[in-house]
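There is one chain below, alone, in structure tokens, taken in the form predicted on its own.
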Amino acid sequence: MDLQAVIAEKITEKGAISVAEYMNLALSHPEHGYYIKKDPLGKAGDFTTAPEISQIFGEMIGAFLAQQWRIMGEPATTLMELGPGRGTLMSDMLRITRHVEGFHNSLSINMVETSPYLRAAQQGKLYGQHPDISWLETIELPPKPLLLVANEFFDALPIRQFVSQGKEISERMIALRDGKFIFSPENAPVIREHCPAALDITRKISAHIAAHGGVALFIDYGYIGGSRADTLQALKNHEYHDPLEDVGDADLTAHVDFNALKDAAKAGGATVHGVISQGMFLSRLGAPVRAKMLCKNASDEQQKTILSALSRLIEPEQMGDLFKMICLTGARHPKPEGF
């Protein structure tokens, strides 16, 4: 039985399911889920993330976190990445900070990953780079200071959608008609999206930082200024796809509501910096300068690749404005560089 049949049987037996339940099954079903059964990244996958575009992305974030660690007083620290992809971001962070005195020795690294394919890729990429790396399926926070990065993690968490029909507001559901999935009610405009999991995770991380100290960096594509309409989308072979077709074989995501994340972080007790654009953050930290350094010993073709990748990361019309960032710190931590 494939995932289409599994979900269809569930709807037939119990009635329509929420968009959140549909997303959860599509992405995380223990046998047929999208992240469980395939490597979604790269040319052979369905999408490409910033760490895979340029090493500069991970280098800037690694340098940023090492600086925050120094400001924190150089404590023994948990370095955690949520949804670490192929391990490229962590690998670049560790490489660029290798000579920061005492930093690597202070770290216990936790990689939070549910995909067996990606976990294997991460283990291969990070082999020998640090003596204390653990893999977790859920977010477990040891009682000590935290350095955390979540790049394109929140966009994959299941969302609930609410629609308007005249004066009535109801939750958008997934139903079945003639063997195909449909939205129910049909043709009703989405007026609000809500991601309970994102808010719960943010509050948990925020409360930990308020109690134990630390810095968390969230990077994702999303919006500010209140909930938008329908942002649910599917990607397959690097192209947009109908989210109700090829369930389990296409990536499902939704844009992140950064205002909601900020409110959840404040409720948890952390101080919130941002929202700022990815392009602004990387530029302030010196990404263009780093690109010039890499170009010095590069061939003409390599220089074009380096500069093209940088442009993709920071230019407003590419990833620069679409991707946004917030930073969570303890109350006494100074405003981090870049924000």
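Residues carry their position along the shown sequence, with the first being 1. Note that the coordinates shown come from a computational prediction; the quantities given were computed from them, not determined experimentally.
Just so it is clear, the following notes concern the form predicted in complex with a small molecule, a form of the same protein that is not shown.
- Figure note: of the listed segments 93 to 101, 255 to 263, 165 to 173, 79 to 87, the one touching the small molecule in the predicted bound form, with heavy atoms no more than 4.5 Å away, is 79 to 87.
- Note on the partner interface in the predicted bound form: the residue among A216, A234, A198, L118 having a heavy atom within 4.5 angstroms of the small molecule is L118.
- Listed residues L146, I109, A156, A250 were compared with the small molecule in the predicted bound form; A156 is the one with a heavy atom within 4.5 Å.
- Interface membership of N151, defined by any non-hydrogen atom within 4.5 Å of the small molecule in the predicted bound form, is confirmed.
- Although the partner is absent here, G279 is not a contact residue: none of its heavy atoms lies within 4.5 angstroms of the small molecule in the predicted bound form.
- Residue contact check for Q303: none of its heavy atoms lie within 4.5 Å of the small molecule in the predicted bound form.
- Among heavy atoms of S184, none comes within 4.5 Å of the small molecule in the predicted bound form.
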